[in-house]
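The chain below stands alone, shown as structure tokens; this is the form predicted on its own.
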């Protein structure tokens, strides 16, 4: 127990410093919030037009009410699981500060994890929780719909945290590319576009062609955003929810092993080039 307490005291300041760093750029933060709100409303009116032009009340198993909740919860989940540690790694490699960080008596990957955790905590307090409370209040007072039960909310929280771990490990492995190339900004933009599409952030995966859905079952994209949102909507419940969460845990194990291997290769390359 003392070891765990000491461990948290060592790395918790990195989470706090990340929160302070984000707070220093308040204009950027408010622009980020504004862009998110605009995206939500644009997506809402787009799907509203699609459903009103359709002769069916449901599309791919989604009603308009389901889609409205999906839009909001998907945005919240994306904010909670987002991390920019690949950009942090790339910057440190370009500036050369990666060498200093490697000789510090701390675990570099754990340090980045707490930095990403700090950003997520900030998102919970400043945007995710207020958006969710607003959604629940509006749904209750307009259509009389209650929020999901406690069990569903707990499963959503667990699944979202697992998604956060998957995204962290994926971005850490992706950031290792910067050890082999001097600039990864373009690659990051491409990566973000691919993840946003195939993780269900833009369009629910249920709307994809069946053949593409079958392929995505063997890839980690479902576990990054789609799974927690579907759990929140009660589209995944019982054994389906258990299977989805088990799949997330499996991907965490896979990415953990991958990051360990890639990290060792990248550090060995850095050692050789740096003498």
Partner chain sequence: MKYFRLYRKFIIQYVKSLMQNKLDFFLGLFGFFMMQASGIAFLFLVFEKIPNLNGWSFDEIVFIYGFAQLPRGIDHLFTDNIWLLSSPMIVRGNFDRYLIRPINPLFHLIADRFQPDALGELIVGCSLITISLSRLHLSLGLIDIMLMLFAVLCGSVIYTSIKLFFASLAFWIKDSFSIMHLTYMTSEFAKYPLSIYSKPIQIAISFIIPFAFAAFFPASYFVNKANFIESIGTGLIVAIVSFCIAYFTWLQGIKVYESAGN
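Residue numbers count along the first chain shown, from 1. These numbers were taken from a predicted model, which means no experiment stands behind them.
We do not show the form predicted together with the partner chain, though everything after this point is about it.
The contact residue chosen from 111, 79, 196, 139 relative to the partner chain in the model of the complex is 196, the criterion being a non-hydrogen atom within 4.5 angstroms.
Of the candidate stretches 127-135, 184-192, 94-102, 81-89, only 184-192 contains residues with a heavy atom within 4.5 Å of the partner chain in the model of the complex.
Of the heavy atoms in residue 245, none are within 4.5 Å of the partner chain in the model of the complex. The partner chain in the model of the complex comes within 4.5 Å of no heavy atom belonging to residue 65. The closest non-hydrogen atom of residue 202 lies within 4.5 Å of the partner chain in the model of the complex.
Taking the partner from the other structure, the partner chain in the model of the complex has a heavy atom within 4.5 Å of a heavy atom of residue 59. The putative spot formed by 149, 249 and 255 is not touched by the partner chain in the model of the complex; no residue has a non-hydrogen atom within 4.5 angstroms of it. For the partner-free chain shown, 46, 47, 49, 50, 53, 54, 55, 59, 60 of 46-79 come within 4.5 angstroms of the partner chain in the model of the complex, judged by any non-hydrogen atom.
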